[in-house]
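Just the one chain here, laid out as structure tokens, in the form predicted on its own.
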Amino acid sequence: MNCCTQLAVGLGALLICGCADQPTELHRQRIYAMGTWVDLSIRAADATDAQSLFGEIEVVLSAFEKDYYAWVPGQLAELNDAIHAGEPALVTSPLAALIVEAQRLSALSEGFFEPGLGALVELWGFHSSVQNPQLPPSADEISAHLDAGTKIASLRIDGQRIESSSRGLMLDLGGIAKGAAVDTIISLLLERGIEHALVNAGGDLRVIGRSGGRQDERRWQVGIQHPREIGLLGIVELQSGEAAFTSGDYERFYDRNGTRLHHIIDPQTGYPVTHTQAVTVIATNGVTADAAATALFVAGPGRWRHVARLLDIDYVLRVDASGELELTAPMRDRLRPADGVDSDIISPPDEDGAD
């Protein structure tokens, strides 16, 4: 779970000072969940209504934190135990639907997005937010895990009943659960009549409406964080409903003899990817954006544009291992220099510095 702020989002003085003539007020809340800070900015007419919504959202996040994370007691852990035992398991409809979508996106991305790597993530020590001092696994250990079966394609899903022929499979939904949580919160806000909001989960975010709270106000302005330096690579403007997600090698990593080892594992080799520093994508929902950012990060040079087309992702910014930028033409058209431009919402770094 990423705790580093990938997409800097912040509230400029214009919004703070310019609320008097708006039909709604801006209300903000910060919740720690899923290993990251979730920053909520919503426009509601009444502070009491806003606080009630924040309470509902906290319940949603608590459920995701328990049931969608493989290393705490909950639904996903129980499913993984059943797979290991060679037995079927029943899960809730929302989790079953997310696993179906994860399986679809994995196939569509030609396996570059692979949620079946939980055992390898654990082997490398990236299942914890604590910086890992352990020695990297041996080549034999990695090969043994790959041979045991790590593909989500091995799942057989019948409604809420899930089983797998591969007992070595361990699902890790870290590459898609945050997107699902953000989408769920946005759906909840829309159901409650909120038209203008931003949900920012550790820098992965989705917006509805506009930053000023009226259709004639400017859209949400989001800064893309530099993966190695303090500052922004640029600013993008988000349309209502769009999500912007980043995968980066700075989210969960440790250095070993000058080599950066991080949590994004190549499903073909079993080793952390070395050819990319960060990938930011813009998509129409959080689930797709979350999975696509990981898939394109893993695909790397020569393949990421092809995989983006397969996933129907038009807006991509990639930072390669040397720090050079690659962009799709639509993203280049939307990216603006950060100099002198304030991001609408800037989430400060996490106080504890956790990943």
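All residue numbers refer to positions in the sequence shown, first residue = 1. This is a predicted model, so every value here is computed, not measured.
What follows is about the form predicted in complex with a small molecule, which we do not show.
The small molecule is not drawn, but in the predicted complex it has a heavy atom within 4.5 Å of P267.
The closest heavy atom approach of F112 to the small molecule in the predicted complex falls within 4.5 Å.
In the predicted complex, T294 approaches the small molecule with a heavy atom inside 4.5 Å. The closest non-hydrogen atom of S247 lies within 4.5 Å of the small molecule in the predicted complex.
Remark: of stretches 85-93, 159-167, 228-236, 175-183, the one touching the small molecule in the predicted complex is 175-183 (heavy atom within 4.5 Å). For the options V121, I99, I194, I142, the residue carrying a heavy atom within 4.5 angstroms of the small molecule in the predicted complex is V121. In summary, among the residues I224, L117, L79, A278, the only one with a non-hydrogen atom within 4.5 Å of the small molecule in the predicted complex is L117.
Judged against the small molecule in the predicted complex with a 4.5 angstroms heavy atom cut-off, the residues V199, R219 and E242 are out of contact without exception.
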